[in-house]
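Given as structure tokens, the chain that follows is alone and in the form predicted on its own.
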Amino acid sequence: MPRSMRALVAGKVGEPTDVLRLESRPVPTPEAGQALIRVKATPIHASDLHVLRGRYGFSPDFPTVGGHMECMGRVEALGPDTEGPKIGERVVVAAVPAVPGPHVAGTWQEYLVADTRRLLPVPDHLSDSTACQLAVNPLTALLLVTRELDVQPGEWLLQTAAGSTVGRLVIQLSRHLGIRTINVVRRRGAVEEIKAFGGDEVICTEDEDLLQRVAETAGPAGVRKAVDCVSGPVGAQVSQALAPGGEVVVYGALSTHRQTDPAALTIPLQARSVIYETKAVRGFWLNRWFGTVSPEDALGALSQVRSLVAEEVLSIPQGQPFPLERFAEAVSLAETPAHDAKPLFVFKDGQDS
């Protein structure tokens, strides 16, 4: 095992391409209850970049290794008196910090240590690209539909940003569970694409009235459950479109994607609608969910995701691999609207320092 490794490190808060540098760091040593993981692939999420910009739900101590969500790799070593996966076993690391704070292990490095209770073994037939993306987007889709909202077969589910990764996973999962979806998109060109993907109804805010179309689609009973990752005026419209007693779970704020002023991160709700129609608007953050459930419950949900992907109920698009040296290109792709493939940092055998 090498004594040093390559890591992509941000020296301070700022634009990722300005503050990230490729460095050599010591290979960490696992303590009791931990495993040393040789990372094989790790995605670049928008949230990873927001952490570096200082506009996410937690801020690590700087300098910090980038990537704070998920990765996959092989178990290289176990800490003292530690039971767990076998040496050499492929595992998913749910690196999402359960307790947001300064001490967060980054995934954009060749080796990292992780709690063995948060390692999910993955079968060999799942590609590295698929395995390294199991713990965030598919898990979010599953939790939103089945646990946060408990949507039942035959019910309508209204969602914004239907063309996003989570949006497409929600459509796939809903079809599997017999749930009907109303899918909101911004561009007319995305409508047929979402319908072909399995969305029951599609609303284009570019040239359609969201409230009117929801009422026409769902009928007198209306829609009682919705998920929103846009916030802003669109999120407010989703709340208005709900039937009395309805609930919307907000898990993102794409409308303020590059906004740095916290005062601008708003959802302009109508007080009359919230009070007299007793509608509920609440948030969901995967980090906080990990902090409120036991490691056993978290692994149970991840195992469910693994099964859904293995059974091809959920399909995770193939990522686009990048070596660490090309991080500027990878970051740029991660923020390109409607990019076809999620950029992944990959580490090949024989690249050790």
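For clarity, every value in this text was computed on a predicted model and none was experimentally measured. Note that residue numbering follows the sequence shown and begins at 1.
One more form of this protein exists, namely the form predicted together with a small molecule; it is left out here, but the text below deals with it.
Visitor: Counting any heavy atom within 4.5 Å as contact, can you tell me which stretch out of 206-214, 239-247, 155-163, 115-123 lines the small molecule in the predicted bound form?
Guide: The contacting stretch is 155-163.
Visitor: Wondering, does residue 284 line up within 4.5 Å of the small molecule in the predicted bound form on heavy atoms?
Guide: So residue 284 counts as contacting the small molecule.
Visitor: Can you check whether residue 132 is within 4.5 Å of the small molecule in the predicted bound form, heavy atom basis?
Guide: It does not: once the small molecule is placed as it appears in the predicted bound form, residue 132 has no heavy atom within 4.5 Å of it.
Visitor: Though only this chain appears here, would residue 254 touch the small molecule in the predicted bound form if you measure heavy atom gaps against 4.5 Å?
Guide: Judged by the heavy-atom cut-off of 4.5 Å, residue 254 is in contact with the small molecule in the predicted bound form.
Visitor: Taking the shortest heavy atom distance, is residue 107 within 4.5 Å of the small molecule in the predicted bound form?
Guide: Taking the distances in the predicted bound form, the answer for residue 107 is no, it never comes within 4.5 Å of the small molecule.
Visitor: Tell me, which of 78, 267, 136, 149 has a heavy atom within 4.5 angstroms of the small molecule in the predicted bound form?
Guide: After the contact test, the surviving option is 136.
Visitor: Select from the listed residues 179, 223, 202, 229 the one whose heavy atoms reach within 4.5 Å of the small molecule in the predicted bound form.
Guide: Comparing distances to the small molecule in the predicted bound form, the residue within 4.5 Å is 229.
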